[in-house]
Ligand code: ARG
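Just the one chain here, the form predicted alone, laid out as structure tokens.
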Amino acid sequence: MLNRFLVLIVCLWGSTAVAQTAIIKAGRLVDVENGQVLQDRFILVEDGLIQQIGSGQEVEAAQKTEPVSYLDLSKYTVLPGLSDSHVHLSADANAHGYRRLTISTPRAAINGVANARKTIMAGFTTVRNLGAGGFVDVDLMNAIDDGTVPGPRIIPAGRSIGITGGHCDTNLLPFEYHKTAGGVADGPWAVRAKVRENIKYGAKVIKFCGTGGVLSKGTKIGAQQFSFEEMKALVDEAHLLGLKVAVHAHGEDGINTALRAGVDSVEHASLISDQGLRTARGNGTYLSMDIYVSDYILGEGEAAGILEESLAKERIVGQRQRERFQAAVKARVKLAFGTDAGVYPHGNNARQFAYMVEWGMTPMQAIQASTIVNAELFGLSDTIGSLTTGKMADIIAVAEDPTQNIRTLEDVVFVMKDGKVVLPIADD
């Protein structure tokens, strides 16, 4: 029976034709927990969960529910759904600089719906959305969770928290407009209040800006933003309320201060020092280093509206960030897979894998960063990150073995999330 695999369903998102039980035949299966590629495996999926992985006879014996969908992926390599620890789903990669001022909150929400679909179709079944105006990422999370629109599992940050005039503020308009971003707070008690407000409106992670940034007007990359007292108050409040904290930080001083304050992840970490690497490793802090995006900023950013001031900053920081990523790999720091999608077009997240390999990782390490490592960072190790019995059936497939050709991850041919097929195999 199992040697006559037929795809009995062609399902679109939310289709009622999805059977409760599916048996997937995998030609190759990437075991990210043990760092190996297995041959000829079968996966039994029931009610959105992986119930068993093994030989055909073992899975067939475990089958209890009818009808069954047989999904023949014997020509492909099967992996757990990928994840990205740093995206901005509501952002338009063609609207940088002053063009951002034309994007209303409703339009940002519409962008989020379109970009969520691109992201899930690219094989990314879980993302951490680190900053969105108007809490549109919270509403997008809810719309995806209730089946209204397709998209990845979202861990939303809501509004990014930052100082007046900092990277997380709105600095494009002159004084007369009196424009301040919703996440701006100054002083220890003010940042505590902002954390509480973000949680009130649905944030599941807290993101703040600890240094200047590349794409913000009038900020210096290396300059620290927030004092230690402010960072410590923010982190303590978030941890007290059960949320993890991600800090945007390029410069050495801001990174070191945030590490002292106890952040859970450092985003970008472009100029992290050797001491910073040692501290991060000792603390168990994750670095989420977006080493692909520099190519997009310098190659296509000007046409997308990125200011010359920002291009100049990227020319300074881009290469240095890749060098520090290489040092982080050698130092055995925990490295997440985070790309800053939204700066570049959504759906191209997997382009970063090749850069991670070029700058020091093995292909398996790069895959693990986007699966089990991110799952640990997200606090979701029990539910996602690997093809393991009892975990969510987030399953993707690619044509080749990614440990031999990492770029095959840029062309995902099959996506299942929560046991539902989002992207079926195309007809031969």
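The structure presented is a predicted model; accordingly, all values stated were derived computationally and were not measured. Just count from 1 along the sequence shown to find any residue number.
What comes next is about the form predicted in complex with arginine, which does not appear here.
Trainee: Since the partner isn't included here, can you check whether arginine sits close to all of H248, S294 and V317 in the predicted bound form (heavy atom within 4.5 Å for each)?
Mentor: Yes, each of H248, S294 and V317 comes within 4.5 Å of arginine in the predicted bound form.
Trainee: Within 4.5 Å, heavy atoms only: does L215 come near arginine in the predicted bound form?
Mentor: L215 belongs to the contact set for arginine.
Trainee: Under a 4.5 Å heavy atom criterion, is D290 part of the interface with arginine in the predicted bound form?
Mentor: Output for D290 is yes: heavy atoms within 4.5 Å of arginine.
Trainee: Does R128 make contact with arginine in the predicted bound form, using a 4.5 Å heavy atom cut-off?
Mentor: R128: no, not in contact with arginine in the predicted bound form.
Trainee: Does arginine get within 4.5 angstroms of any non-hydrogen atom of H167 in the predicted bound form?
Mentor: Yes, contact at 4.5 Å.
Trainee: Quick one: of Q321, T119, T285, T77, which gets a non-hydrogen atom within 4.5 angstroms of arginine in the predicted bound form?
Mentor: The residue from Q321, T119, T285, T77 that makes the contact is Q321.
Trainee: Work out which of the listed stretches, 223-231, 176-184, 328-336, 206-214, brings a heavy atom within 4.5 angstroms of arginine in the predicted bound form.
Mentor: Among the listed stretches, the partner-contacting one is 206-214.
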